[in-house]
Ligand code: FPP
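Single chain ahead, written as structure tokens, the form predicted alone.
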Amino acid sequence: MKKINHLGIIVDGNGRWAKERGLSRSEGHKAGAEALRKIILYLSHEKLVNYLSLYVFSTENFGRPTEEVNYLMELFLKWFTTVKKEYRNENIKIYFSGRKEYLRSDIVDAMNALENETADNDGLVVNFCLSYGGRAEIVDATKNIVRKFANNEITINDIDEELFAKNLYHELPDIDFLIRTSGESRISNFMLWQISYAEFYFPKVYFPDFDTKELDKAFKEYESRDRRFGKVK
């Protein structure tokens, strides 16, 4: 299969997967987390992508029922605390994108520890978008640039697309292929700057069932796309 530089996945459908099986939404999120862990390791082992950005919790998701949000936070805390050694040994480098000030301090500590533990790795880069919004990232990048201008670090003429991209949460390449599971065909405020020329794919499968076979199917679809970036071949 053709290697993808930057793959984005909007993780969607955990709750509906659980509802159709008579399970709680929490059980759906647990199943989704297990599916995601397998996908991360699969992509790392097979070296199918260089960068993987995952939309796992948006700023809008804080508006969900308190019980569900609390469960998800505990799920994230357990995950990020227990995979440090595994990801270090797998040569996986972890980033987090989002507004950490909205999160509990113990979760932020676990996120920082995981980033530090994997900082020297040079394999698959996994960017967890947690407490994240695409518009918020653009606003925060703009604030960074304004501060630099106010401190005479840059001039107006220095501001271009390249400089703007460097002031986003992380300096990552544009997304090449974006997958949103569950059949919904919306972007939902995900990495708006980075998806300018991404190819989109909306499989109907809920995320807990999005396994490596489904991922291979998605990659084959990507290989069939004709990416022209506004030009004519």
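Residue indices: 1-based, along the sequence shown. Keep in mind that this is a model prediction, so the values were computed, not measured.
The same protein also has a form predicted together with the ligand, omitted here; what follows describes it.
Peer 1: Which residue, L75, A136, A110, L103, has a heavy atom that falls within 4.5 Å of the ligand in the predicted complex?
Peer 2: For this set of options, the contacting one is L75.
Peer 1: Considering N50, N61, N189, N167, which brings a non-hydrogen atom within 4.5 Å of the ligand in the predicted complex?
Peer 2: It is N61.
Peer 1: Counting only non-hydrogen atoms, which stretch in 22-30, 42-50, 171-179, 194-202 is within 4.5 Å of the ligand in the predicted complex?
Peer 2: Result of the contact check: 22-30.
Peer 1: Is E67 part of the interface with the ligand in the predicted complex - any heavy atom within 4.5 Å?
Peer 2: Outside the cut-off, so no.
Peer 1: F80 near the ligand in the predicted complex, any heavy atom under 4.5 Å?
Peer 2: Although the ligand is absent here, F80 would touch it in the predicted complex, with heavy atoms inside 4.5 Å.
Peer 1: With a 4.5 Å heavy atom cut-off, would you call Y132 a contact of the ligand in the predicted complex?
Peer 2: Because no heavy atom of Y132 falls inside 4.5 Å of the ligand in the predicted complex, the answer is no.
Peer 1: Tell me, yes or no, whether I9 is in contact with the ligand in the predicted complex, where a contact means a heavy atom of each within 4.5 Å.
Peer 2: Contact with the ligand, no.
Peer 1: Which residues from 8-25 come close to the ligand in the predicted complex, meaning a heavy atom within 4.5 Å?
Peer 2: The stretch touches the partner through V11, D12, G13, N14, G15, R16, R25.
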